[in-house]
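Listed next as structure tokens: two forms of one protein chain, kept apart as structure 1 and structure 2.
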Structure 1
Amino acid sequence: MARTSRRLTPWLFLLAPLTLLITFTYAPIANMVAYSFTDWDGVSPELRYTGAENYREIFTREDLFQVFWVSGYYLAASVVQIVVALYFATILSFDVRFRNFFKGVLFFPSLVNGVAIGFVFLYFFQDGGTLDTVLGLFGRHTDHAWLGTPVSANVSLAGVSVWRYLGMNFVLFLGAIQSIPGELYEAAELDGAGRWHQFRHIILPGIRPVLTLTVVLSVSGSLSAFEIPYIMTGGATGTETFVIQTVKLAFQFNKTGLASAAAVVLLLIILLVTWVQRRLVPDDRVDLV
């Protein structure tokens, strides 16, 4: 009796978490894969098996595939984001005046509500809005419709996403840099190494795990960009991203089967990127076990 109850105890603790995990993560994945081979509309009781038709459609229909090109803007933006965040994290880990103020200012945007950010920047990019006014101060009177053409709109939106997420990368890098023992810098300085050499030979190797993690998160983040473009343009003027398209397919056009296939493709890409990272940095502490 005592032995069976002891064997049952951990399962009592795991009952709720496992139920939630299976219901809201694993069951959806299984269903999604199943839907992706059908032409289901999400409502009718009938599902017709259509084989790989949905997948063929995603990769061959120009209008469906073009959302991947939009991810390119966000990918490029995340390169900028990582470099700039690394620069500020390095500067602010050394002694600088008003350090906490700058830290706070850089980090604050990552805590702000996405809808609010969307509105702030809609006003920013408006005709005669903040950006035009600031440019006017420098004598450049552009009456530019920043969100009016696909290239300019996507660059603007990707810029907003840099503004929003830079602080998160910055804080991660800062934490990692500060965990590097201080004696290393002292020793390097005695050897006459300048700031650049310290960065190149101490900081960069010291934060490698966090850096690769950030790269992976940036790739998957770029592929699944949703909030900023949805709130600001609703996907108009060529700014539709993968997730916006999937949401529209599933919930506006009732193409659950096609949307599921799209989601499976996205999931596979993200898992692939993560897998590559794990191979590249095997010492990344995955010590959940």
Structure 2
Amino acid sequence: MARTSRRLTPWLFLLAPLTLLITFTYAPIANMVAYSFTDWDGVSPELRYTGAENYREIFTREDLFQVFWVSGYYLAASVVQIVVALYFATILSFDVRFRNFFKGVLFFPSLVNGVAIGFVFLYFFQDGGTLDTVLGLFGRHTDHAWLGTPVSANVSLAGVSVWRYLGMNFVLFLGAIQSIPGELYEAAELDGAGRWHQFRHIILPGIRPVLTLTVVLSVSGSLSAFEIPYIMTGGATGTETFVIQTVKLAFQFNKTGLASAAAVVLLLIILLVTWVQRRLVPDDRVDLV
């Protein structure tokens, strides 16, 4: 009896989280996959099975798949974001003045609500807004519509995403760097290694698992960008992302079946990219000692 009780105890602790996970994650995903094979409008109680028609429409209509080009701006921004976050994490991992202050400054944007950030930068980039005012102080008077053209708007939105998510990557890198034993730095200094050699031969190998995780999260986030462009432009001027398009299909055009198929395609693309990345850069255990 006691042995049976010990075997059941872990499952009793897992019962609540597993129930929540199945109810609010896997069950909705299963429903989404089922809806993707129908022409459901999101309102009618009747569903009509259409087979793979929704998937055929997604892959044959250029306007539905062209929005993935917008993700290129966010992919480029994620590269900048990772490089800058790793740079500041490396600098602030050493004993520098005011490092706690700079840590707070870098992490602060991650604490702000995404909707609030969208509205703040909407006024920042508007004609005659904060950016134009600041440029005017330096003698650069411009009437450029920062959100008025596809290239300018997407670059601006990607820049906002960098500012918002930089702090999260910074914290991940900083935690990984600080977990490296200090004896390695001392030994490197005794051998005459400078900061660059310490970064190349100690820090980079030591944070490889976290760097891999950050790349995966950045790529998936770039493909599923939604909050910032939706708040600031609503997908106008060539800034519509795949997720914004999916939301419009479901709630504006009442094509929930087609939107579900688009969501499934996005999920599969993210899983495929993650799998390829893990195959190219396996998460091997690094032993620095």
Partner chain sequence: MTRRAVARALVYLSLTGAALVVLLPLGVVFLTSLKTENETASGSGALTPPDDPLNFHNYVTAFRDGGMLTAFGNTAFILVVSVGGTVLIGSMTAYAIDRFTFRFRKAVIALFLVAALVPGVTTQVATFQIVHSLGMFDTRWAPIALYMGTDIVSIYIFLQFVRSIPVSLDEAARLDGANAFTIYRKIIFPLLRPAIATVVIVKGIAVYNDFYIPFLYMPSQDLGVISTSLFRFKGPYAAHWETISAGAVLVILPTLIVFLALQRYIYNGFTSGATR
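FYI, numbering is relative to structure 1, first residue = 1. Predicted, not measured: the structure shown is a model, and the values here were computed from it.
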property: Structure, 1 versus 2, that is the form predicted together with its partner chain; result: 1
property: Same rigid part for residue 235 and residue 125 between the two structures; result: yes
property: Angle of rigid-body motion between the two structures, smaller part versus larger, in degrees; result: 11
